[in-house]
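Only one chain is given next, in structure tokens, and it is the form predicted alone.
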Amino acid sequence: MFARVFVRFAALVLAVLAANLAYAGDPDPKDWPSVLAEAQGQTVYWYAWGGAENINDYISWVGERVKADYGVNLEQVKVSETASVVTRVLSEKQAGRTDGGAVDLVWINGENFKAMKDAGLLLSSPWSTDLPNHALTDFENKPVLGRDFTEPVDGLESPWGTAQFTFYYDSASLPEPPRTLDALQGYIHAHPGRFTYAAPPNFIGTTFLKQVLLGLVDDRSVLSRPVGQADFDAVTAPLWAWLADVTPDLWRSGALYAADTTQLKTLLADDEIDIAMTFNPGEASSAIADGTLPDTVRSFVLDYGSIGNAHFVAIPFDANAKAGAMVVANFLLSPEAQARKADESIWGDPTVLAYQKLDAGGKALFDALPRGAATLGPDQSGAVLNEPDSSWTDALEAEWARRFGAAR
């Protein structure tokens, strides 16, 4: 009996020692010169959503820059849903892999971040807050950089953009858009077939569900707590009633939904719908700049505000090129990369940097950026609503699929 207990204890000690050795072997961003040296020649496989060509082009540019400046090779692995990346890393952990993993960097936020964090699938040391360029971020004034869908970031992912749920429309055919939920509901009924949203679990479709729910729920604070602490059926009943009411008058009579933001933009450009939606406040202006949308397109938010959050990159626990991934994450926080991303002719994604922290050269990069006619000014963007707790995401998606998904 004693021998068996001793063996188990010894095995536990060895496991802890092994974990500590693995931890000690991870790159330390506090010693940045050593990270740069280790990153030389590494290939970073960045798993990132690949549904928009302008974003893919931006990532290609990032690859060119980190190759030229740091000798890091960047390969984008295009994915449609980040949940598939979580599953891949989880399967590697279950197979006993501790290094040499397929995923070096992942574009992530929300429930996928929480899932990886809870399952121990992320680099365990709080690396992101020690990146040199993290000091330039506006973490003091933008709480979304420190809490991802209410989940503390704890230095386990690095921000690289902010977002706010925004609608856009063609003012040539729709002079005044519906700015309340009641007005939107009335518009859908009065113009059958001219409105739709993306099917959950696509992120913009799920965000639309949350946006409507935030406008209908009696007490929004209930959404900031785990879904298990609420009466889900009672809280979400107004949402399902609202959706059930408008569904027959949606595009394709609700029998088919858009795939993502790219298809919504295409449907608007092809005059199949009147209103599209995005999580990028600069998307409409960017689409005007590249000729996808006419210059009469404008943006709006609903009267009670709109959901805002940040998006991040994270490094899995078993990444093969951890140092290279840190170099890429740090470059994404550089004024050069952030200003290029904020350029509406390229992407139009809002920055995570604090303008007042930049030197003269960094400020000049942002000062030179024009704001397109379809981009809302600070006085037009409305209140920024917090994301519900990440646990609401799966529950909303499952219930939507049960009620409306069968029609797809």
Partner chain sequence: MRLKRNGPAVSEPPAKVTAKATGAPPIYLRFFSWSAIALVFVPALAGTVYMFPMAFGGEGGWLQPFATLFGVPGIWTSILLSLWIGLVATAFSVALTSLFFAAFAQTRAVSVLSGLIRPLLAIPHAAAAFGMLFLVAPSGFLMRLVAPLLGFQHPPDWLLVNDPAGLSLAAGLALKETPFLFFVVLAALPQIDRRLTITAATLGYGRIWGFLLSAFPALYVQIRLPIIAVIAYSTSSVDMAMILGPQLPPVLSVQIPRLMNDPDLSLRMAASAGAIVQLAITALAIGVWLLGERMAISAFRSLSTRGFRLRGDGALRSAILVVSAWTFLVTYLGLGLLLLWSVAASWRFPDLFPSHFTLDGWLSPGSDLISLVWRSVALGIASALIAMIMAVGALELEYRRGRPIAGGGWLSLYLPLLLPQIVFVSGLSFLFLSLGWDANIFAVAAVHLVFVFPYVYLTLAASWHHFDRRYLDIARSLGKPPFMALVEVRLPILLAPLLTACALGFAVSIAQYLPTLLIGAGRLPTLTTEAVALSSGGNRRLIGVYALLQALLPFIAFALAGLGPRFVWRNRLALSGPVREISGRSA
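Numbering follows the first chain given and starts at 1. Computed from a predicted model, the values in this text were never measured in an experiment.
There is also a form predicted together with its partner chain; it is not shown, and the following applies to it.
The partner is absent here, but in the predicted bound form a heavy atom of Arg252, alone among Arg179, Arg225, His189, Arg252, sits within 4.5 Å of its partner chain. Checked against its partner chain in the predicted bound form, the candidates Thr162, Gln185, Thr292, Ser125 yield a single residue with a heavy atom inside 4.5 Å, and that residue is Thr292. The candidate spot formed by Asp26, Lys363 and Trp392 lies out of contact with its partner chain in the predicted bound form, as no residue has a heavy atom within 4.5 Å of it.
Only one listed stretch (238-246, 302-310, 203-211, 93-101) carries heavy atoms within 4.5 Å of its partner chain in the predicted bound form, and that stretch is 93-101. Tyr70 falls outside the set of residues with a heavy atom inside 4.5 Å of its partner chain in the predicted bound form. Using a 4.5 angstroms threshold between heavy atoms, Lys78 counts as touching its partner chain in the predicted bound form. Of the heavy atoms in Ser171, none are within 4.5 Å of its partner chain in the predicted bound form.
Shown alone here, Val86 lies within 4.5 Å of its partner chain in the predicted bound form, counting heavy atoms only. Of the residues in 235-272, those that come within 4.5 Å of its partner chain in the predicted bound form through at least one heavy atom are, in sequence order, Leu250, Trp251, Arg252, Ser253, Gly254, Ala255, Leu256, Tyr257, Ala259, Asp260, Thr262, Gln263, Thr266, Ala269, Asp270, Asp271, Glu272.
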